[in-house]
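The chain that follows stands alone, in the form predicted on its own, written as structure tokens.
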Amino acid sequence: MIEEKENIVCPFCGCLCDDGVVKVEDNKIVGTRNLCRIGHKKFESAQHGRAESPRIRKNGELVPVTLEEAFDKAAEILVNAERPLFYGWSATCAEATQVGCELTEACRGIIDCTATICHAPSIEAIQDQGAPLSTLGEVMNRADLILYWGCNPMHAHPRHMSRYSVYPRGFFRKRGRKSRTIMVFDPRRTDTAKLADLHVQISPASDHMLVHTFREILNSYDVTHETVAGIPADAIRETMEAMAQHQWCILFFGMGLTQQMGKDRNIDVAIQLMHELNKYIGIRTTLMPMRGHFNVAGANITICSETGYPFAVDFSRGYPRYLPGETSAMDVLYRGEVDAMLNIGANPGTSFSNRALSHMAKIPLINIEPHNQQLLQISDVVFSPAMVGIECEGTAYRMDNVPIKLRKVVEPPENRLPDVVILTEILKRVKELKGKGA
């Protein structure tokens, strides 16, 4: 008999859509409703291609062992390391990240999350400037001007436009799409741009100049150049005039803005533009980074609440230090400064540089990941945990920093423990080995 479980949160992207329906028969997921194609695929493939758990590398081969032996080996690796790295955290729950922070401090290591290679510049800019933020609920009910800058939600966040920003009927936007104006700023003619009322096709790596030009117009300065960022000056003035006709504006921005020349300075000026739109024209303006993994925002929030800093936190001196560019995961691996690593809820094999991966292959690596991935080839201890939001519960933070409780849908396979339990057992043994007690 097929059971339909309703109001299931999708643990794929930062949208955390919470209206999913998952069909279960004999503890197997057989179908879904109300999810995008990517969310459906995550539930559909969750019980397939699972890594064998637990395993330890012996004589060059990963061999099955008991959970107790795997916990002991992982703790031994971390205790013997002088400067271990704890990386990932974006595809696990906030409760696991809390334990991870305690484990990092106990080992005097470095804790960093996947934001270090995507939206770290956004966090740094918000630390510098502050930011006018809002929730996705406010966007749905109030926004009549939607700006997408350097992102393509049609592919990266497929339900973002239909559920939160463009198409839903809101309390003050009862006509849905007809109540809103959509502007896309992107060098590419993306599928999102094709749906927009205005596509500003700027030259690559010139976003900073265009934002500054908008600010010059707002502050009544003359634009002396005929074109800026490949856009005629008159067209820029017309775009600003069109923005001024609205009441409530939201800027969604992605890695097209954070991962190009300027990085956090691009976000700095974008925040200032939002403030000045509100100051000089009277538009209610907010902005929001388009966070990728389902709990990457939660990783930053949890690490910050536990240590005082959002990512790249170094405990090597016994207290937390925050030096992005020095204590970031990619940098310490690139320089060969860490001598052990624990990876959880991430796949750095697809995003780290060859030099960083080369150093990872030289040091002991503990990998906590439910499915087979490239990193298994160089891992020394492997745990295949229960999947958060599918096989166990947990808390995740949506891209607007709203906490959402993830529900359990099916029972996990044998020897698949939640991330929280795995990390807690490792921490217990680390404390015992260091003589601090359980």
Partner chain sequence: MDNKLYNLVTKEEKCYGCGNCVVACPVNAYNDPAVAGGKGPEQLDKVIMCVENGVIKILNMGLCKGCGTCIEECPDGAIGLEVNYTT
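Numbering follows the first chain given and starts at 1. This one's a predicted model, so the numbers in the text were calculated from it and none came from an experiment.
Same protein, other form: the form predicted in complex with its partner chain, not shown, and the subject of what follows.
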item: Residue (of Pro132, Pro168, Pro320, Pro187) lying close to its partner chain in the model of the complex, criterion heavy atoms within 4.5 Å; value: Pro168
item: Proximity to its partner chain in the model of the complex, single hit among Cys101, Ile117, Ile301, Leu195 (heavy atom within 4.5 Å); value: Leu195
item: Its partner chain in the model of the complex: contacted by all of Lys5, Lys28 and Lys405, heavy atom 4.5 Å; value: no
item: Heavy atom contact within 4.5 Å of its partner chain in the model of the complex, the stretch among 153 to 161, 248 to 256, 292 to 300, 67 to 75; value: 153 to 161
item: Its partner chain contact at Glu238 in the model of the complex, heavy atom, 4.5 Å; value: no
item: is_contact(Arg429, its partner chain) in the model of the complex, heavy atom dist at most 4.5 Å; value: no
item: Gln373: touches its partner chain in the model of the complex, heavy atom cutoff 4.5 angstroms; value: no
item: Close approach of Arg37 to its partner chain in the model of the complex, 4.5 Å, heavy atom; value: yes
item: Residues of 85 to 105 having any heavy atom within 4.5 Å of its partner chain in the model of the complex, listed in sequence order; value: none
